[in-house]
Ligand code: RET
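Take a look at this one chain, the form predicted on its own, written out in structure tokens.
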Amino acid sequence: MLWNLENIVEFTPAQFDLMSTVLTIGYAAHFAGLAYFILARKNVAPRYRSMTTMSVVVMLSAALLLLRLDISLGQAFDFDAASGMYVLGDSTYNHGYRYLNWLIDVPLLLTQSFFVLNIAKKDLFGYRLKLGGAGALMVILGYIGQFYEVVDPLGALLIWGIAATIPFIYFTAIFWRLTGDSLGYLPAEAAATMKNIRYLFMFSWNLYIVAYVVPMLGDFGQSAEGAVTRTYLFTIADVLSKIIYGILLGKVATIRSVAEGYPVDGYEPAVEADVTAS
């Protein structure tokens, strides 16, 4: 696994601790999100609970694979007292665990919003296939590219990254259109939340692209500082695109549930009529 950036650098104790700490925060946050979404299922009408269940699956897979990344980091590096640095030992750090996590989570994240949108049943399968398939293709292409982040960062890594951007643009355009249409029929509070979801989606998913290109940034990109920066960017993007995104979608589902007459503690029935899903 020497092709991963982390395996060609040496870390100071501070850098190593920063790497481990952000991974720990990442999996701890997703375990907390797991508990939150399990408890939150009761706050939405039964028709929206599949969306919350998808968040539970996303939280569990992300938490376990971020935990595996942290374990991999600890197994790969040993402290060298002579140099005062953490150096690669007999094992290697496997950055590919992130892509395994995304292969599970990305299709779920792209399709779970459908449960709070008005999409005709006859169109649902097609949209799920388009967005889920495009998301999986993006992850697979990016995974292939990461094999070249050390040996050819400005060649093969860049080419595979550009290839992965094509399905990204495709599913982003569909997501943006469907969620944009929803602003016309959702209750006012839900529509305001959906606007925030749209902005969050664009920011957090583009943050992954920024993290992906870090190894292309010359000497910095091939340094310990670059490895630490990339870990921070990827983990922040994970928290935003999975936990915060799921919470906001849950809020939309709760508002729609109340508008449809489902009793939810702390919410008063909406005075405006809501258009239910086809």
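Quantities reported herein were computed from a predicted structural model and do not represent experimental measurements. Start at 1 with the first residue shown and count on from there.
We do not show the form predicted together with this ligand, though everything after this point is about it.
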Problem - Options 178-186, 111-119, 95-103, 125-133; stretch whose heavy atom lies within 4.5 Å of this ligand in the model of the complex - result: 95-103
Problem - this ligand in the model of the complex reached by all of 36, 198 and 250, non-hydrogen atom within 4.5 Å - result: no
Exercise for the section: Give a yes or no for residue 241: in the model of the complex, does one of its heavy atoms lie within 4.5 Å of a heavy atom belonging to this ligand? Expected result: yes
Problem - this ligand contact at residue 164 in the model of the complex, heavy atom, 4.5 Å - result: yes
Handout entry: 4.5 Å heavy atom contact, residue 209 and this ligand in the model of the complex
Key = yes
Problem - Contact label in the model of the complex: residue 138 to this ligand, heavy atom within 4.5 Å - result: yes
Exercise for the section: Any residue of 140-155 with a heavy atom within 4.5 Å of this ligand in the model of the complex counts; write them all down in order. Expected result: 142
